[in-house]
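So this one's two forms of a single chain, laid out as structure tokens and tagged structure 1 and structure 2.
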Structure 1
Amino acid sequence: MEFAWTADQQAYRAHVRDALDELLPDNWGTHYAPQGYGSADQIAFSREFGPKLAERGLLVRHWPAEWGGESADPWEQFILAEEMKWRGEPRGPQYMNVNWLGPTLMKHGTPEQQQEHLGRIASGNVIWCQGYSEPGAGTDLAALQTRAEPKGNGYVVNGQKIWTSYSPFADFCFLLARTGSGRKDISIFLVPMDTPGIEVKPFPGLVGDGHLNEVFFTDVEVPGSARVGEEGKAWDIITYALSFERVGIPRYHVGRKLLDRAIAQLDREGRGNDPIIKARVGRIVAKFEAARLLTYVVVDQRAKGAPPSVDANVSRITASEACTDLTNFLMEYVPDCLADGDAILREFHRGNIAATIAAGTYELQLNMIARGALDLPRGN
């Protein structure tokens, strides 16, 4: 055990910061960042920003050279992610592409799929969405009903997805569909969103723009070459991808920045020395730091090539709790951020409602810890 960053890692962080200082426009913080990374504006921005990052070698540095990277280790990947998150994630939804959709294709995709998609992801201007959840299948993902029936050399897909983030702007969907009668007879398909028969219907809601959409699939023809892995064997692949998604976003890293903003405001109001605020904020910092170290446990395992473990679930719930504590603090002590106050704080609050739900609910994580870490018996 050794907690120090190496000189190279420190230099890399400084390099990323410098690049962001240089590349982000002056109105990034005032115009784009407050809108959230599912918004039309940020997505459009990310399509221009991604190629600039790619040009500097800052988009897929953790990928192997074969696919445009430099095989940087997961620590560098996380340093990059932390710095991006700190600025409000200017990569937009592309964080998914580079962090787990691309790597999943490297591991499980066919050479043709890799050829078609990895280069595009690495060039930084393609948007993906993830078509997993359905009206009747959220936590119980294996209950999904969308079906891919074999037809000729391919499949015909019928069904409905919901909460499909970024789908109105997406070029491709990482789609889960049932291909057999068994509960886990599920396959993954890489589907262009302009395929006839796909209809996206955004609906209004409480979280930031771009997240709440229904996606309807009506007789959508998908070639067999779009299937990832063997037919009906997607479950392990999806578990792999989800384990990356769970600790894919370094949310622990934004806490301090948001507290800086909140405390600056409290100072202006003459409340920065309130002992109750101090005691409350110190606790939130401690929870964020716990989340940070518990996440580093996972990053370390990845760096050593270990398989996904229950530590990802522990990291996830700790980060979720820290963000929730922070939200609660903001509501009580900086309530005007919900109205005409700090737009960044408001956006954090809006986004955070979903942070304990998306990518597997808080309770699902607890189930997995009870089983994976404590070896507690199943219900019946």
Structure 2
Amino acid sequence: MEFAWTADQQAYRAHVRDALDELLPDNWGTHYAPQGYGSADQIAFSREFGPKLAERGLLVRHWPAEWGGESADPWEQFILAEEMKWRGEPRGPQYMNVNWLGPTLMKHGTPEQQQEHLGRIASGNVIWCQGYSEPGAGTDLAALQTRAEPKGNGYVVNGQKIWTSYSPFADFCFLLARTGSGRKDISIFLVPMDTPGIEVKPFPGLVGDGHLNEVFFTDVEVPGSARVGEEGKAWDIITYALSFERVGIPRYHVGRKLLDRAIAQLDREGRGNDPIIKARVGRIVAKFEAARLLTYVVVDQRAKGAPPSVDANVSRITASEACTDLTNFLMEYVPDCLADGDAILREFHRGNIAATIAAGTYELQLNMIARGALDLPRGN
């Protein structure tokens, strides 16, 4: 079996790296990247960077030509994601737009919604947030309490979201709200964030800037045309979007490179040959490579047109475990790097705090694997 990249894929990766070298400013690594891609400065930068990527055909190359892409295969999408993530994700929150919000609207949006939103996403200067998690429900979407009550030709939304990354700067929210009494009676709405009645309140925490926010919806009027899909039938749409999100951020790629960086630091300090350290490093390397290959399994399925499967959950779990092992290793052996020495290592550590929660908690992923892969019964 051949796991190596093809010559064309290697050339594409080199092309992406060259573009990044040309487009990123000299102070990218010292000013922007250390702040994280949820920060005000990096989001503002992304509104300039996105259109430049679009001009070079690098923003939505994997999209169909109908929507501004070139129908490139999913492998190129992941090569691009790996290189962007390693450089500190200069696309900012727009990685989300192009990788799962856009594809979800292509499959489930109305023609009017597609016309309104896909062009903006493909142009590279629109910011979205996702209204998923809630204070009383966490990431258990079936337990969310935000309600959208019918009124005239639309709805009135009341409720609260939490951990809503990018919401202080977002133009639109991909909002989930309850529209019925059943556990899964949920609908999706595309809501402009300047709609009267929406209030965003950031709160402090260890996770990177721009990620910890509460969003309050008080008598927010939303037109019926903003609803995606049938009323109360959003579960399959959510599942579709999450299948992209769960493998959408190549943490295995960044984690593996950061581990090399930590090893170099240990070598400089004369600790690189410690047998205990070498054993720990070996186990972490194995987990990252497993996460990489499991993600590539999902990419291969997409390239062959297969529907979303539980393999995305398996990939997510494996990557989360590898990243957690890495951050524990960094805390134990190179804590100075996290405190004030290496901004990229520090930002990875901060970001990974939420990695086992975002797109469904670790426990939720395990439950889905138990039912979807092992055919185990649902617990009470």
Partner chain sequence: MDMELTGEQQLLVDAVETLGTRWQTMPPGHERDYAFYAADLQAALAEGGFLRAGLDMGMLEAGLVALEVSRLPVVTSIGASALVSAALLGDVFSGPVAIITSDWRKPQRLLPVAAYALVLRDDRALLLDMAGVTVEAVSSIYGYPYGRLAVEPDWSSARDLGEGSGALLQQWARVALACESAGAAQSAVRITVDHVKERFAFGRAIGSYQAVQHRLAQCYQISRGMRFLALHAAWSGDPVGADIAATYAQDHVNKLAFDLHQFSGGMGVTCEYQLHFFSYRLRALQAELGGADGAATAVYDRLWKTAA
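Whichever C-alpha set is largest while still superposing within 1.5 Å between the two forms counts as the rigid core. Residue indices: 1-based, along structure 1. Just so it is clear, the structure is predicted and the values come from calculations on it, not from any experiment.
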So which is the form predicted alone here, 1 or 2?
2
Examine Val156 after superposing the rigid core and state whether its CA is displaced by 2 Å or more between the two structures.
no
If we fit on the core, is the Cα of Asp236 displaced 2 Å or more between the two structures?
no
Threshold 2 Å Cα movement between the two structures for Val297, core superposed:
no
Cα shift of Asp260 between the two structures after core superposition, in Å?
3.4
